[in-house]
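Next up: just one chain, as structure tokens, the form predicted on its own.
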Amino acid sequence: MKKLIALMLSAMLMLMSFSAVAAEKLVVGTNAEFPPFEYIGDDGTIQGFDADLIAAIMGKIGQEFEMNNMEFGSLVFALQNGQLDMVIAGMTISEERKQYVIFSDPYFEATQKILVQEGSATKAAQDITADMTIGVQEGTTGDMYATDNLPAKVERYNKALDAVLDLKNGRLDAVMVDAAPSEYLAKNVGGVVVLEENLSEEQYGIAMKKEDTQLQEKVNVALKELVESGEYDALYAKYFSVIESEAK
């Protein structure tokens, strides 16, 4: 009998331990300098399309989570060393990043855009010359594209907004950033315009640790449900309908 009770207690402890692990909050990393995907709201919380999307996904999974804000260039490393469980930050799925993390199914189509001052003679990427300086957000695909494909000097910033402000004030000749943030920043800063040319074809994904394939599967199932139910479209309209209508 004592042996049976001991076994039952052991099983209960194991179950409690498993439940405690399952109930732990996942830590989701982002870089809240990329509106409208993620930014700090007036109340000091992380808001935006990605914040709402990950909240909806976690709701489907039944998982508690918290969001941590850090520099974009630190996110993959923080995921690898265990500081984070997931990353959602307008992060482009790339073969280079796949060496270190796994991604969810794509959740957003993106492209790189160039911003210039209103009235600038620069109308396309081919007008960028070696004597110019172009601002980018460090560690992003915009940084990589400008470095690899444009002759201009590349000035790196922690915040895309700071680059656009320097452009407006004449300290830069151009800025490269993803399409949706470029339209958002141009609208809110003023005095700058987004060139029509699309410079890349990209897809955003939610990054996870290489070993977290079960979490990846749960996220993909939840993402699919959000798309099929129309919830994804409602989130998209909330953040991008106004930007798209004003950009036309």
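All of these numbers come straight from a predicted model, not from anything done at the bench. Numbers for residues come from their place in the sequence shown, where the first is 1.
The same protein also exists as the form predicted in complex with arginine (ARG); that form is not shown, yet it is the one meant from here on.
Within 4.5 Å of arginine (ARG) in the predicted complex, a heavy atom is found for every one of 38, 90 and 97. Arginine (ARG) is not shown here, and in the predicted complex it never comes within 4.5 Å of any heavy atom of residue 182.
Under a 4.5 angstroms non-hydrogen atom cutoff, arginine (ARG) in the predicted complex lacks residue 157 among its neighbouring residues.
Contact check for residue 139: a non-hydrogen atom falls within 4.5 Å of arginine (ARG) in the predicted complex. Within this chain, residue 49 is remote from the site of arginine (ARG) in the predicted complex, having no heavy atom within 4.5 Å. None of 77 to 85, 163 to 171, 140 to 148, 122 to 130 except one has non-hydrogen atoms within 4.5 angstroms of arginine (ARG) in the predicted complex; the exception is 140 to 148. Contacts to arginine (ARG) in the predicted complex (heavy atom within 4.5 Å) from stretch 52 to 73: 72 only.
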